[in-house]
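In structure tokens, one chain follows: the form predicted alone.
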């Protein structure tokens, strides 16, 4: 890294530190409202009778429902060098459905920080992994996301 690096010792120390948990009871009404909001009329999300007859065995949450289940506060904090931020994308991996009556615990961990030069100047990339675990301790999904911070453009 160059002398001009914006990666601080505090950022490096935050790598691998898991956040406080966010704990979320999964309710039928929330699943139905979410499915309606995203325009997904699948019976798996809205019709108990039809969903019970499906391989899912009952109503489940749509995959993107995870976006509602935010983790708790970060335990390791650091000052951000830039205010501007872009969503660099997310990648999900699913292991089990989220069902009505589940309680999902979500935590996030900073897994890496690095820099790259760009048109706008030196950009800071932060890679996070969010884990979603049900009340049985079963990992139901992971989300790997990238945030890109860059200098203010005046």
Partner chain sequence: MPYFNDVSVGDALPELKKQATTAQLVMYAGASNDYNQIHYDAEVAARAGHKSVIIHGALKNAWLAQLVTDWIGTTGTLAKISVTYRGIDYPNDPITCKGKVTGKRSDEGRNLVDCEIWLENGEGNVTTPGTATVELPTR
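Positions refer to the first chain, counted from 1. In this text, the rigid core denotes the largest set of C-alpha atoms whose superposition between the two forms falls within 1.5 Å. Bear in mind the structure is a predicted one, so any value in this text is a computation, not a measurement.
Below: the form predicted in complex with the partner chain, not depicted.
- Checked against the partner chain in the model of the complex, the candidates 127, 43, 100, 124 yield a single residue with a heavy atom inside 4.5 Å, and that residue is 43.
- Within this chain, residue 33 lines the site of the partner chain in the model of the complex, having a heavy atom no more than 4.5 Å away.
- Taking the partner from elsewhere, residue 91 is found to have a heavy atom lying within 4.5 Å of the partner chain in the model of the complex.
- Proximity of residue 63 to the partner chain in the model of the complex: non-hydrogen atoms within 4.5 Å are present.
- Although the partner is absent from this view, residue 28 stays clear of the partner chain in the model of the complex, with no non-hydrogen atom inside 4.5 angstroms.
- The candidate spot formed by 10, 75 and 114 lies out of contact with the partner chain in the model of the complex, as no residue has a heavy atom within 4.5 Å of it.
- Shown without its partner, the chain has 54, 55, 63, 64, 67, 68 in segment 47-76 as residues with a non-hydrogen atom within 4.5 angstroms of the partner chain in the model of the complex.
- In the core-superposed comparison between the shown form and the other one, the C-alpha atom of residue 123 has shifted by at least 2 angstroms.
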